[in-house]
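Here we start with a single chain on its own, the form predicted on its own, put down as structure tokens.
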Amino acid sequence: MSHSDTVPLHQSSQSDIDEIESLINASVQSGPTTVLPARPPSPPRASIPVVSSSPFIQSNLPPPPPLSSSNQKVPSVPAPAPPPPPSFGASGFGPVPNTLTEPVWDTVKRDLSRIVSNLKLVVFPNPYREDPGKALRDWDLWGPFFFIVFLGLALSWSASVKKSEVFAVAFALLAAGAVILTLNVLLLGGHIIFFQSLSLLGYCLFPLVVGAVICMLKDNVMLKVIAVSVTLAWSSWAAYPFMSSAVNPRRKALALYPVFLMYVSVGFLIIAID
């Protein structure tokens, strides 16, 4: 290692060495009586070599070729398509079912299941009877139409003469009566949809349909009276919470009396036809 590669001592270290040498010279000149032992010379301090090369290990790999802007082509990545907006079906959740291309049997099964579900909500006890909006949120007119037609057919089959006229009178009475009762509720300030009210009144005819079938199978006056009384009370009980909650409590009687009158008329037809 050459002298040019060594680093000189720090200035403070050099001053310490000079001070020590001056003390030794002063003690020698003072006299031979007080001769202090000579201090051993300090060992030479190692010099720090200065390395001019790079501290990183040199790699044997060849350098990468320079990039050329003319030959280098960056592949284009297509932007992702935005997600489709959520679709909501008739019930408020899920995709809208495609009913135009589905088989006919699937449509029939779906309508029948809806009729059964609405019939359970209207005619039988359940926790949603006090709120017509919750009870028949998915209302339909197929169920009331079948019940009106079937009740007219049961009355015409029970009649011995003029079966077609009996069916026409029963169908007109039930259809026109449901429309008039709905208009009556709306004129009284009721908060209910027109077709929803028609659906409710039609489903409430189901107990009277059961009574008409019983009277058609057993030609007994006492049995007819009992069956009609029970089914009439059942129909009135089914229609009461919906009609009473749709109007003002002070006008409840004005909304319920015509409904009860129509059901009584239907019950009288069931008993009177022979």
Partner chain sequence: MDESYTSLPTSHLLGSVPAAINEEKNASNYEVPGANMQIFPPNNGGERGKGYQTLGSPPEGFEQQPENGWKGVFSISSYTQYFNVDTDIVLNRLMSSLYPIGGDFFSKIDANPDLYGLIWISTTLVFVLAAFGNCATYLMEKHSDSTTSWNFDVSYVNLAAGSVYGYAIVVPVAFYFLLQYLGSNASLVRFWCLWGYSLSVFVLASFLLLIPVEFLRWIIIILAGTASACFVALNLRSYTAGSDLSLMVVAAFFLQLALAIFIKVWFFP
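Positions refer to the first chain, counted from 1. These figures come from a predicted structure and were not determined experimentally.
What comes next is about the form predicted together with the partner chain, which is not displayed.
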{"item": "Heavy atom of residue 180 within 4.5 Å of the partner chain in the predicted bound form", "value": "yes"}
{"item": "Proximity of residue 123 to the partner chain in the predicted bound form, heavy atoms at 4.5 Å", "value": "no"}
{"item": "Residue contact check: residue 187 to the partner chain in the predicted bound form, 4.5 Å heavy atom", "value": "yes"}
{"item": "4.5 angstroms heavy atom contact with the partner chain in the predicted bound form for residue 248", "value": "yes"}
